[in-house]
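A single chain comes next, written as structure tokens; it is the form predicted on its own.
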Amino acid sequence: MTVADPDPRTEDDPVEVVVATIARSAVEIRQGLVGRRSDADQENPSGETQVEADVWADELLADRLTSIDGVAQYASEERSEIIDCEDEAYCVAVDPLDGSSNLKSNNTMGTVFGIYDEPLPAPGSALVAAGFVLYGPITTMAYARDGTVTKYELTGGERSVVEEDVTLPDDPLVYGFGGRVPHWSDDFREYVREIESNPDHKLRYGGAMIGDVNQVLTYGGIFAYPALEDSPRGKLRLQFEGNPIAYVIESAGGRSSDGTQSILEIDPEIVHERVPLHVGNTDLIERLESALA
């Protein structure tokens, strides 16, 4: 049973205004996916082909978030340049449509966001809030702030609490690993075999990071998109995906790692910097770091 969102969303709290704006926009983004499944004949700064929905969702969020008092910068996975605003407060980094390659097959997608109190690019330690929206059978949001995670359902532009103080279950159940197996390192491949050998673990990998991470948040386990032989820095972007997801999982009692340290400890050099990402239950991440050492 859902209940009305008790969190204050007042005009004097820019962080809550940003989150409320993303929640309202997410419902519109989901509806706007219809008719925007074709390629946009252009690439994002990471060299990936954009679909029309990528560009549209980015423009919608950029327009709305940069108009909020207290937002100093807007950065997106879909654009090369950071938008600087007149205000000097919070900086918002988003992946407007994570998993947009799933549009063609009509599978899970999402929106990821991080709110920093330092100019971008910024380390994860500068995050004051982060979260993600999942466009599944139900549109939901996982939102982390002040060390706690709350899950919401999003309907009609409103969000309703479905679970407060979310924590990863103690007994991990699911796992999902990105990248092509031939491109994994030998050490990572051995670690995967260990995880797969446990009959209590179940494979969950859907081609959109946000769906796989939400499975980990719900059931416990591990998601990883590791360093690859042909991509030693991994595939995912630190500002737009790595930091926000690490912040949510660590706020829920789990751990994140780039293979040696918390994702939130990385000091970025550029806004589109990539990172190997491993998140999940603490024990599984510690075992992974030992395997990669």
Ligand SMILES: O=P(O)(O)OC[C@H]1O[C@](O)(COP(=O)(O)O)[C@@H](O)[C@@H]1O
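All residue numbers refer to positions in the sequence shown, first residue = 1. None of these values were measured; they are calculated from a predicted model.
Beyond the structure shown, there is the form predicted together with the ligand, which is absent from this document and is the topic of what follows.
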Determine which one of 258 to 266, 24 to 32, 59 to 67, 236 to 244 lies within 4.5 Å of the ligand in the model of the complex, judging by heavy atom distances; exactly one does.
-> 236 to 244
Given the ligand in the model of the complex, answer whether the residues 18, 152 and 164 all have a heavy atom inside 4.5 Å of it.
-> no
Contact residue in the model of the complex, chosen from 195, 208, 103, 85 - any heavy atom within 4.5 Å of the ligand = 208
Interface residue in the model of the complex among 74, 116, 113, 223, criterion: non-hydrogen atom within 4.5 angstroms of the ligand = 223
Flag residue 99 as yes or no: does it have a non-hydrogen atom within 4.5 angstroms of any non-hydrogen atom of the ligand in the model of the complex?
-> yes
Residue 229, heavy atom within 4.5 angstroms of the ligand in the model of the complex = no
Can you check whether residue 179 is within 4.5 Å of the ligand in the model of the complex, heavy atom basis?
-> yes
Near the ligand in the model of the complex, with a heavy atom at 4.5 Å or closer, the residues from 258 to 293 are none
